[in-house]
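Below, in structure tokens: the form predicted on its own, a single chain.
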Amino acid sequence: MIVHYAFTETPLGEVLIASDEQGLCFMGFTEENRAEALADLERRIKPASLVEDKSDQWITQVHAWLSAGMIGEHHLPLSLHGTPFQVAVWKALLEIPYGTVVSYQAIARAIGRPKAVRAVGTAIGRNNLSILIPCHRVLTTSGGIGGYRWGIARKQRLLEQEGVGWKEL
């Protein structure tokens, strides 16, 4: 499988974006370490031949959405690479409307696995499509910010951008 990739800047830092023949398959922050970001991509999307391609149609579309400030829902094609459980969790995340939040428990219930809250949290942490699959919209049952693979400060900024006053929950 050929995976096209490119690096681009966002208001929240540089991201690595990748797509395969079905759509966008990866977006993650580089943390200023492109080699590590590419290695992460290779671990997550297997087997893949990586080709740098800033002109890939889906990469240019996500770049435009990022450049416009990530406002509102996107309608970009996504290619989900994960276990059936992870994919179920990620699809549930895609159902969370812009500007709203839910709990990890609510996601577990939404996928028919109400006792799998910790497994849901793990699947959320393995999300290959940061921001595009809105894992930042999931809080603890008590309304706390919870965790975020890309750092709590980024999660707070994303929630604030969407108008969610998480501290008030």
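When you see a residue number, it is the position in the sequence shown, counting from 1. Here the structure is a predicted model, which means the values were calculated and not measured.
There is another form of this protein, the form predicted in complex with the DNA, and it is not shown here; the text below is about that form.
Problem - Region of this chain that lies against the DNA in the predicted complex, out of 48-56, 99-107, 34-42, 64-72 [heavy atom, 4.5 Å] - result: Correct option: 99-107.
Problem - 4.5 Å heavy atom contact, Gly28 and the DNA in the predicted complex - result: Because no heavy atom of Gly28 falls inside 4.5 Å of the DNA in the predicted complex, the answer is no.
Practice task
Would you please decide whether Gly13 lies within 4.5 angstroms of the DNA in the predicted complex, comparing each non-hydrogen atom pair?
Solution key: The answer is no: Gly13 has no heavy atom within 4.5 Å of the DNA.
Problem - 4.5 Å heavy atom contact, Lys155 and the DNA in the predicted complex - result: Contact check for Lys155: yes, within 4.5 Å of the DNA in the predicted complex.
Practice task
Report yes if any heavy atom of Leu132 sits within 4.5 Å of a heavy atom of the DNA in the predicted complex; otherwise report no.
Solution key: Judged by the heavy-atom cut-off of 4.5 Å, Leu132 is well away from the DNA in the predicted complex.
Practice task
Check each residue of 99-124 against the DNA in the predicted complex and list those with a heavy atom within 4.5 Å, in sequence order.
Solution key: Residues within 4.5 Å: Ser103, Tyr104, Gln105, Arg113, Lys115, Ala116, Val117, Arg118, Ala119, Gly121, Thr122, Ile124.
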